[in-house]
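Okay, here we've got a single chain as structure tokens, the form predicted alone, with questions on binding and movement later.
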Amino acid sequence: MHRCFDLARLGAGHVSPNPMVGAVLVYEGRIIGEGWHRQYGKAHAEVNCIAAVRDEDRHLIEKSTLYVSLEPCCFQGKTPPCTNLILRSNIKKVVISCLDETPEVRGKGVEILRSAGIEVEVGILEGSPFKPSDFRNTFVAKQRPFIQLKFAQSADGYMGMNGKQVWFSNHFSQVLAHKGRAAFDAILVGTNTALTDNPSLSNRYWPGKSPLRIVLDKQRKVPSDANLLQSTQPTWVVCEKRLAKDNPTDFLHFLALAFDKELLENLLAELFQHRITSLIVEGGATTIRHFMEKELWDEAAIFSTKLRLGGGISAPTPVGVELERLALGGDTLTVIRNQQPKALNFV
């Protein structure tokens, strides 16, 4: 199943809004086929896995066990149901990490397989952190994107200086952060971060696509020549009022929302409607705290450095379970998982 997870992650940045899925076919302890969902709208992991079996091993398929990181789909979408393929292949046992929370699937895929006499085991590594199914299952179950809070902090607990750009992270941290960007659908910053740091929010240090950029700019303070508003990278400007000078393009979108207590919920609802399954909230401190106060976050990625500021903007303190602590050439990445993340459909 760990191999299924590794394969699934190869689809990061290519399959959304579909889930990342990996599959492995095993005969008597030997892998005879493996595959993953490579691109949205294309063949699913199970299809690629079975197709990868060599001609001389194809007679072993019906005697093998299929391991898959997510419950096989059982309805016709852009591709046929994977449950049909499993039945046609006469596979006798299927091992699944977790159910697919998609309403058309949840438990039904398992039921179809079991009713056909296939032995099905569910729950392998279901409690493991960093499951490749997290994005998809959060999206369909909570009706909002999977949300990661990401920031860097000094050794004495500060996130920056008022009105002054401060660089914390080393190159190792920057590369890892950009690897994360390639896996997420969207990235968001507030007005102060856009003005102070003038970020591009593009993916420069890792191969792959750049995420949709979102800036919260209530009073339209971000100038038109800011890095955020340049290039053909898709960008949303979330503002309270549209202006006559606004010139929407194929890549630049102006979204007018009330900046009230329901702002985050309304924004996340828009992202849900646009099938954005994952979101990085990269700053600043005030924006991150707004997400924390509403428990609208799933994990936090905190890059801690040896630099000491002696004062400035205090870094947020997300409360949850520590999943990982990774040394990065002097920096340290800590990943924290929220134990009580809220859904968008809560009342």
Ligand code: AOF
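This is a predicted model, so every value here is computed, not measured. From 1 onward, residues are counted along the sequence shown.
Keep in mind the form predicted in complex with the named molecule is missing from the figure; the text below concerns it.
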Exercise for review: Identify which of N192, T102, S89, S202 has a heavy atom within 4.5 Å of the named molecule in the predicted complex; exactly one of them does.
Suggested key: T102
Review point. Exactly one of G157, P129, G107, G77 has a non-hydrogen atom within 4.5 Å of the named molecule in the predicted complex; which residue is it?
Key: G77
Exercise for review: Report whether all of A45, C73 and R136 sit within 4.5 Å of the named molecule in the predicted complex, measuring from non-hydrogen atoms.
Suggested key: yes
Study note, to complete from the structure: In contact with the named molecule in the predicted complex (heavy atoms, 4.5 Å), from 284-292, 65-73, 50-58, 304-312, is stretch 65-73
Check your understanding: Do I214 and the named molecule share at least one heavy atom pair within 4.5 Å in the predicted complex?
Key -> no
Point to revise | the named molecule contact at P19 in the predicted complex, heavy atom, 4.5 Å | key: yes
Check your understanding: Though only this chain appears here, would V94 touch the named molecule in the predicted complex if you measure heavy atom gaps against 4.5 Å?
Key -> no
Practice item. Determine whether any heavy atom of L228 comes within 4.5 Å of a heavy atom of the named molecule in the predicted complex, and answer yes or no. Key: no
